[in-house]
Each structure stands twice: as structure tokens, then as C-alpha cells.
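Take a look at the C-alpha cells below, where one protein chain is shown in two forms, each on its own, as structure 1 and structure 2.
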Structure 1
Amino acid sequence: MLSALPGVLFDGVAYGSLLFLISIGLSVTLGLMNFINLAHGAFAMVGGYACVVATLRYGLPFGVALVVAFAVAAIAGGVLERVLYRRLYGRSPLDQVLFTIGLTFMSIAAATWVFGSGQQPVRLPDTLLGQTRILGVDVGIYRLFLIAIVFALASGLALLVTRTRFGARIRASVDDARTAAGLGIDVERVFSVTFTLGSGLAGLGGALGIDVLGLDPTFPLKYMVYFLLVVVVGGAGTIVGTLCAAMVLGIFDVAGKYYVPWAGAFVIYALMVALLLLFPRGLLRRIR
């Protein structure tokens, strides 16, 4: 039992980093505009399908396909924000939830119509296949690659938020949108850009996650709870909080499936209710 622990931890971290990548955009938009976007998983799905089309239909290399996935999801997010989402800011949570459930249903139906209801295959480059041994533990090279990419991106995002002018605007807007606007920050523009970036990252996560999470039209609903959970537990609008929450959930989910398979998804849902009740404002808010 215990001998498998390092492997389980490793898989949990890999899973958690995917959750982080997909959820970070949701976290920032929720923190910025208090907007509850249940359709966030749809952008991840868009990225996943873009990657599949790019690699299988157009024969592009995997690395290029990842860039395509990011770009397509970012454009989709940017356009939808401009055309639709913008009208819903400041409306009641119920309106926002309904609206984004509607978008989710439409995305599921559209994906079924275009790609069929089956699981999509992904062809990874040979260099990312197989296993390697680190410190006496067998680890999948692809999962190692995943963790490396996500940690690079997370550090990049942290730098963006803490060291750049744009990052300062984001932080100011998250803290207090009205005061920020009063100081001359164009909060709407900040929101557009972060929404676009967040959708792009979700798309990238969806593409990277085909091998781990799978990809079929029900993707946005199947993983909706996970993304929301990461955000709500991590506390909206914090990168570190989201990262911690994603890791905790990733590790618990993988460990739960490995050690108590009969409990199924029970572990993760019980954890969700418990964490929400203990930390109604997010893990980090409580610590602070």
C-alpha cells in the first residue's frame, strides 16, 4: 500500500496541475467581476478539440497544436466576453448561473453535432511517451512534461501579476473594482484581457489534458464541479490559493481512486462540502 504512495502523489500532482491550468482563468474572472461562469469548462473543451483537429486533420506537430488550442480558446473567450458575458455583470448569481448553464448545453450539443459523441484520440509525440525513473519512482514522461509546463506557466503568471503594470491593475481591480476605476484604471478592459487569457489557458489545459482527463462532448459538465471547487476552495482571484487547492484536490482524487476505489467520487464531493463549510471564503483568506 505505502510503496505506491510516491507514484500516487506524482500522479496527483500531475492531475492537480491540469486542474490549476484550467481553473486559473475562472478564478481570476470570479475574483474580478464576481461572475459565476459555469461554462468555463467549455473553453477547455474548445482547446481540446482544436488540438485534435490540428494534429489529426492538419498533421501539425503537438507543440504547435498546443499553441493553436490556446489561440482558438482565447479568441472564443474574447469574442463571447465582448458580445454576451459583458451584459451579465452585476446581475444576480442565479441569472449568471442559468446563462452559463445555457451556454454549456449549447457547447455540448454543438460539439456532439460536429465531432460525434465518442472519446477523441490524441497522438502524443514519441519523445513524450514511456516512463522514466526519478529517485527510484517510475513516472510517466508525459506527466512530468505536464508538471513542468504548468509550473513554468504558473511562475510566469505570478511574475505577470506581481511584477508588471498590468498585473498591478489586475490586483487593484480584484481588491476593489470601484476604487480602481476611480483611480483611472479601465476595469472593463482589464477584465476583457484576463477573460481572454484565462480562456486561452483553459484551452491549453484542455489540449494537454486529453491524455489524462479524456475529451468528449460532456467534458464541460463532467469536470465543472472540479473547476468550481478549485476556485471556491482556493479563494477567487489568488494564484497561490488556486494552485494549493488544485494540488490538494488532485492528490486527494487520485489517492481516493487508488486506495478506496469503492467510494468512487464520494471522496472528492465529501471533501468539497467539508472544505466549503470550513473555509467559506477560500483556503487562503482564512489563513490571512
Structure 2
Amino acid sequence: MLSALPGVLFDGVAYGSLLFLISIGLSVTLGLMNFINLAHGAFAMVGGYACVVATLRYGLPFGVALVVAFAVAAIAGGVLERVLYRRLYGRSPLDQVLFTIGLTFMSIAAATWVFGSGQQPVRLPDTLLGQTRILGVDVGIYRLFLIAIVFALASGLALLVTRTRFGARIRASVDDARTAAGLGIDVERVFSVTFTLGSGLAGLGGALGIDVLGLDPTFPLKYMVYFLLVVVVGGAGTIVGTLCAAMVLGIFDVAGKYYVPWAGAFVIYALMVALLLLFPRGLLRRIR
């Protein structure tokens, strides 16, 4: 069993990378915009289906399909934010939860009607297939690709939020929207761009995760709890905390399924309880 540990750890990091990529948008909207968006997984599903259509129906290369997935999910998020979500900013958490969970069920019904209820395939390029050997351990090339993408994106997002003028505007708009508006910041535009970016990242994660997580109309509900766990354990609004939580939860989930398959999902929930008892505000506080 110990001989399999390096492979389990690697698969756990790859799985955690996907959880981070999809969850980071939810972390931003929940932690920085104070909005509970339980329909976040629906945007990941939209990106996944956009990737499937782009590669299988139109024959686009996988790299181009990822860009399409990001763009389609971002556009969907931007339109819904302007038409629907904006009306619920500042409303009670119950209103936000009821609205977004209803939107989740609507997206499931729409995906079932358009694509059917079965799992969707994905066509990966030959360069991402197979395995390679690193430090004596055989690792999947595609999973290595996932890890590289996610850590590059995490670094870029951390710089965007903490080191740029736009990041400062996000934090100012959240801390005191009225004062920020008085200083000339277009708060509605900042929130709209932030929500659009988070939706696009979810769509990118959904596309990248087809080969690992699968894709069917129940995707938004199937992984909703996992996305929430990552955000709550890591600390809403912090990129580094979300990344750490995704890695920890991903590794323990994969290790639990490999070493104690009879326990099912109990391992991940027990870990969540332990982490929240130790870090009730999340692993890291929100970035300001």
C-alpha cells in the first residue's frame, strides 16, 4: 500500500486542482461579493458542454475548445448577472439560496433536454494521453497538465486581486460600496466583471474536468457540496486558502477512496469537521 502512495498523492493533487479551478469563482463571489451562488456548478457544466460541442461537433482543437468553454461560461455568467443576479445583491441569504438552487435545477433540466442524461465524452489530443515517469513514479500526462495550468492560474489570480488597481477596486467595493462609488469607482461594473471572470473560470474547470470528473446534467448538484467544502474550509475570498483547501480535500478524498473504500465519502466529511473545528474562519482569512 505504501508503494502506491506517491501515485495516490499525485492523483489527489490533480483532483484538488480541478476543485480549485471550479471553486475559485464561488470563493470570489461569496467572499468578496457577499453573494451565495449555489448555481456556480451550472457554469462549470456549461463550459463542459461547450467543450464537448466544440471538439466533437465542430472538430476544434482541444486548446481552442478550452477557450470556447471559458468564453461561453463567462458570457452566460455576465448575462445572468446583469439580468437576474444583480437584483439580489444585498438581499437576504435565504433569497439568494432559493434563487440559485432553483437556477441549478433549471440548468439540469435544460441540459437533459438538449444533451440527454448520459455521460459526455471528450477528445483529448495525443500529446496529453499516456503517462510519463517522474522521480520513479508513473504519472498521467493529462493530470500533470491540469496541475500546471491550475498553479499558473492561481498565481495570476493572486496577483490580480492583491497587486492591481482592479483588485483594489474589488476590495473597496465590497468593504464599502457607497464610499467606493463616491470615489468614482463603478461598483456595478466591478461586480459584473468579477462575476463574469468567476463564471468563465468555472467553465474552464468544467471543460478540463470532463476526463476526471465526468459530465452529465446532474453535474451541478453532484459536486455542489465539494465546491462549498473547498470555499468554507479554505476561507471565502482568499485564493491561497482556497487552493490549500482544494489540495487537502482532493488528496484525502482520493486516499480515502483508495485505502478505505468502504468508508465512502465519510473521510472527506470527517476531515471537513476537523478542519472547521480547528479553523472556524477557514484556513486563511479573506484578502483585503
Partner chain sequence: MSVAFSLPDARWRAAEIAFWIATGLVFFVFPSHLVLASQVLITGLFAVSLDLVLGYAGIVSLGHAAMFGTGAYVAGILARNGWGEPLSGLFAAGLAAAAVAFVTSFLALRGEDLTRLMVTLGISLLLYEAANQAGVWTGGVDGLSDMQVRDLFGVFPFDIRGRTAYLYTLAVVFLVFCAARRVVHSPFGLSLRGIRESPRRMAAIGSPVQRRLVVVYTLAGAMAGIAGALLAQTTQFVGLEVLGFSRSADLLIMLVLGGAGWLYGGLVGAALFLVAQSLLSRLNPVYWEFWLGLLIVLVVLLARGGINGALTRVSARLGLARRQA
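Every residue number counts along structure 1's sequence, beginning with 1. The term rigid core refers to the maximal set of C-alpha atoms that superpose within 1.5 Å between the two forms. Values in this document were obtained by computation on a predicted structure and should not be read as measured data.
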May I ask which of the two structures is the form predicted alone? 2
Is_shifted residue 272 between the two structures (CA, 2 Å cut-off, rigid core): yes
